[in-house]
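The chain below stands alone and is given in structure tokens; this is the form predicted on its own.
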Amino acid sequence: MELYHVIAAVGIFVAIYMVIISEKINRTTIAVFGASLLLLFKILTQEQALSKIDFNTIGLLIGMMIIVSITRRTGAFEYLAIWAAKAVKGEPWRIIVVFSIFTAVASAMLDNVTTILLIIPITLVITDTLETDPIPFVLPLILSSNIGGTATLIGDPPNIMIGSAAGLGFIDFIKNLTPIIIVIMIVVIFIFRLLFRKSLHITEEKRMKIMQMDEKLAIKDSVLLKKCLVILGLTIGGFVAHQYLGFESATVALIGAAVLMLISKVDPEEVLLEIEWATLFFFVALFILVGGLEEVGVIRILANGMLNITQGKLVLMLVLILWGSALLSSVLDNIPFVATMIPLIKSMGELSGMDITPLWWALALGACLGGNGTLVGASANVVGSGMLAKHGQKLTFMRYLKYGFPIMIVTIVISTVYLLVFYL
């Protein structure tokens, strides 16, 4: 590979990354433009560019987006939220705990952005009914969505990317990440209690308004709901067993989506319009951009550099990746960061000859939990703050930082202890 190809690949990648961070241009637009420049300058051929795309990640996201889109039409998520609020007698603190747990579990099974889009509107209805500040209710949900999404293969896009690249399945993530995420959620809930206890006093009259809400009115199509629950259950079962059945996780998701579209009789054009195509093309462009760095040898050079810094010691490599991923993912979008790190870790494994499996768990924990550090650290944060703004409540960068960054540090400390004790 000629020197000008190396310089061009690095220059394009850095320039595109900086524009993505600045948010001056839509991230999908600039990423696709950057990928096209790699073809224009003949850094990659068209066939090479296509080979760099991880279609397992793309297929899994498409399948889950279709299933969630159809399920959303039933009103099931609204029903669960109202039922949960009534089950705890409308007590604000208990509502936060139940909704946070629900958000974490839902984010593990769906994805965190989808969960936030579903749960926050219901939370705002409840806070309006209670006539209270919604931020102490919504902020824990944003944090819980990123924590819960860390627990499974399908909970957060970085995990999907890591699982596909490293050959790690649904059960691998459950065994290795879910236990520590449960511990982290318990600790974080106690922190929520300390942080928000003074903001949660309401009158008995307002509490009774919650008790008078009828969750049954939220269900819009009970027949479709039954179909969705069956398919969702079978799909999750497929994720659990896909390694043993010899299927990729994308195959399971796409089969579930196809069957649900067939039996639901929902207009496919409506469903396909609701798929986040901009997000999917952003992924495609990122895979190509990182593939350009890989093709010209930059990834291998960086891997050698990290091995020299850590002297090939797994402990140092693990801590560096965990904390580096967390701190960088708190200020950068974790998706392009993980796309860059995946081939880097692969190269480190090839050069050192050691088992790098613990490094994948360090990357997943760092990137996903690190997203809680600032308001721009993860897509769920941006979406949640945007929904609050539309509701007339502004969650400022500094107010989020006051809560999010310390909680992020606590979760990474817990993760460090976990990884050092169980993997080294």
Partner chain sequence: MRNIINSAEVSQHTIKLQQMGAKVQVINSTLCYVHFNIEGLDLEYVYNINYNGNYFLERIQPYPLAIEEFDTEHDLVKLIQSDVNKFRNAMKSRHVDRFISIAKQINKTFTTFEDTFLNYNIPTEKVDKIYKKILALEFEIDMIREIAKGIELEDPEDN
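What you are looking at is a predicted structure, and each value in this text was computed from that prediction instead of being measured. Residue numbers count along the first chain shown, from 1.
One more form of this protein, predicted together with the partner chain, exists but is not displayed; see below.
Annotated contact segment (heavy atom within 4.5 Å of the partner chain in the predicted bound form): 387-395, selected among 387-395, 38-46, 52-60, 358-366. In the predicted bound form, the partner chain sits within 4.5 Å of a heavy atom belonging to Ile82. Using a 4.5 angstroms limit between non-hydrogen atoms, Val382 touches the partner chain in the predicted bound form. Although the partner is absent here, Leu273 sits close enough that one of its heavy atoms falls within 4.5 Å of the partner chain in the predicted bound form. Using a 4.5 angstroms threshold between heavy atoms, Asp267 counts as touching the partner chain in the predicted bound form. This chain is drawn without the partner chain; in the predicted bound form, the residue among Lys220, Arg193, Arg94, Arg207 with a heavy atom within 4.5 Å of it is Lys220. Put simply, of Lys227, Lys313, Arg300, Arg72 only one has a heavy atom within 4.5 Å of the partner chain in the predicted bound form, and it is Arg72.
The candidate site formed by Pro121, Val125 and Asp214 is fully in contact with the partner chain in the predicted bound form, as each residue has a non-hydrogen atom within 4.5 angstroms of it.
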